[in-house]
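The chain below stands alone and is given as structure tokens, in the form predicted on its own.
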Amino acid sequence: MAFQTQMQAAREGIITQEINRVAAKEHIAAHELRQLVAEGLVVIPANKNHTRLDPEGVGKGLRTKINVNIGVSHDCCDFQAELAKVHTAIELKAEAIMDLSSSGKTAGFRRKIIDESPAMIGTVPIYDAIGYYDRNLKDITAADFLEVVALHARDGVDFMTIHAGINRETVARFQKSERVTNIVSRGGSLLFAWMDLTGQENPFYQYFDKVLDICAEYDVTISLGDACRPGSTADATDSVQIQELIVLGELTKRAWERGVQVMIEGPGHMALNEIAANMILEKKLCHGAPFYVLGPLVTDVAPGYDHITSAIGGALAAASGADFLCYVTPAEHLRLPTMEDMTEGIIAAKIAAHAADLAKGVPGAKEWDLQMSRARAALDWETMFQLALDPVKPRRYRRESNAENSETCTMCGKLCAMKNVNLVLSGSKVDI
């Protein structure tokens, strides 16, 4: 083939198998999708070595996608438990899974989930560098960091978070700021510490062209990480966040010049009244590249319920232009998520994504709701369950409720509005 990446193919007028597949899923014409990919407004993360992948598109005019984070830590290092989460996330139709493992030798686990997952797989290579080299942070070199990026690319990772925007200029601005929560990005904090220990520039920024060489070879989509995202509503939309966003916009153009696909990562914690403006700002500064947001969490005071604070912010963010939501679980800020935490986080994120798709008029979104409403009007419980975003919980609620009448629920019983209006409209008498 003459091209290396989906973007290069699209620019040459080639409609790849991946573009055809995504176009069919999204109910749009393949030639329209090809143009969006060529312009960088849509990405199709599809590493050439991820042979099990069922590709998805992220970006302008497409359904809002969600990502699920899994992975081991030093305190919780059970690879089998994390693999079970992968399978559950796939069953719940998550479009992406990120392996955020940050302890031990993770290559075997990463390769296994790539081999088994039709969902796109993402990683944060700097997390893996610590365990891979088993050395102190100060002893890891710039070349070492780049080698881990190459390793993940060879393994088949579809997109990687690369924190290239936290350069020395951004750090200088951060050090003059009066942030409440400083740097909350794990990858960003590691790079900040490495730069302080070594006195060197961020290697992902300094050697960005080498990162692009790796990504172009395997068609890895770069997810430009927001090392300086706000970790509290007090820090939202400050000069540090905006400084980094400007750098990410510059790096986006450099990546596009090489035909490398790009997403931009975004906040973070942010009050409701700032979200829409932030989505516009990102699209302006980063030239319309797809936006991938963590939340945003719209308040700082709900530990244990941050899947809800995130879903509120995510719905507004996506309705205002964000393209990709990273799920947040009830365990955010508290612990490594359990299977139950993960499931609740996925459902909350999918609700937010679909609510936004309704607002944006994404093809197919309104039709799904219309089918559910018709099933409710007909008191067709089985169809309602089949259409439900999560069929398991409503089935259990219905089964446990022990309704006297099989048509109605235990809330209204004989006073059921749907049943009684249906009777009147059909010419029958209502008897309560």
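Because the structure is a prediction, the values reported are computed rather than measured. In case it trips you up, residue 1 is the first one in the sequence shown, and so on.
Here the subject shifts to the form predicted in complex with a further copy of the same chain, a form of this protein not shown in this document.
_So, a 4.5 angstroms cut-off on heavy atom distances: do all three of P267, M339 and D380 pass it with respect to a further copy of the same chain in the predicted complex?_
No, none of the three is in contact.
_Contact residue in the predicted complex, from V362, A94, I308, I214 (heavy atom within 4.5 Å of a further copy of the same chain)_ = It is I308 that has a heavy atom within 4.5 Å of the partner.
*Please pick, from D78, D75, E257, D209, the one residue with any non-hydrogen atom lying within 4.5 angstroms of a further copy of the same chain in the predicted complex.*
It is D75.
*So which of 51-59, 37-45, 399-407, 23-31 is the stretch with heavy atoms within 4.5 Å of a further copy of the same chain in the predicted complex?*
Heavy-atom contact with the partner occurs in 399-407.
*So in the predicted complex, does any heavy atom of H354 sit within 4.5 Å of a further copy of the same chain?*
H354: contacts a further copy of the same chain in the predicted complex.
*Answer yes if any heavy atom of F109 is within 4.5 Å of a heavy atom of a further copy of the same chain in the predicted complex; otherwise answer no.*
Contact check for F109: no, nothing within 4.5 Å of a further copy of the same chain in the predicted complex.
*According to a 4.5 angstroms non-hydrogen atom cut-off, is A236 in contact with a further copy of the same chain in the predicted complex?*
A236: no contact with a further copy of the same chain in the predicted complex.
*Is there a non-hydrogen atom of M418 within 4.5 angstroms of a non-hydrogen atom of a further copy of the same chain in the predicted complex?*
Contact check for M418: yes, within 4.5 Å of a further copy of the same chain in the predicted complex.
*Scan 416-432 and note down the residues that get a heavy atom within 4.5 Å of a further copy of the same chain in the predicted complex; none is a fine answer too.*
Stretch hits, in order: A417, M418, V421, N422, V424, L425, S428, K429, V430, D431, I432.
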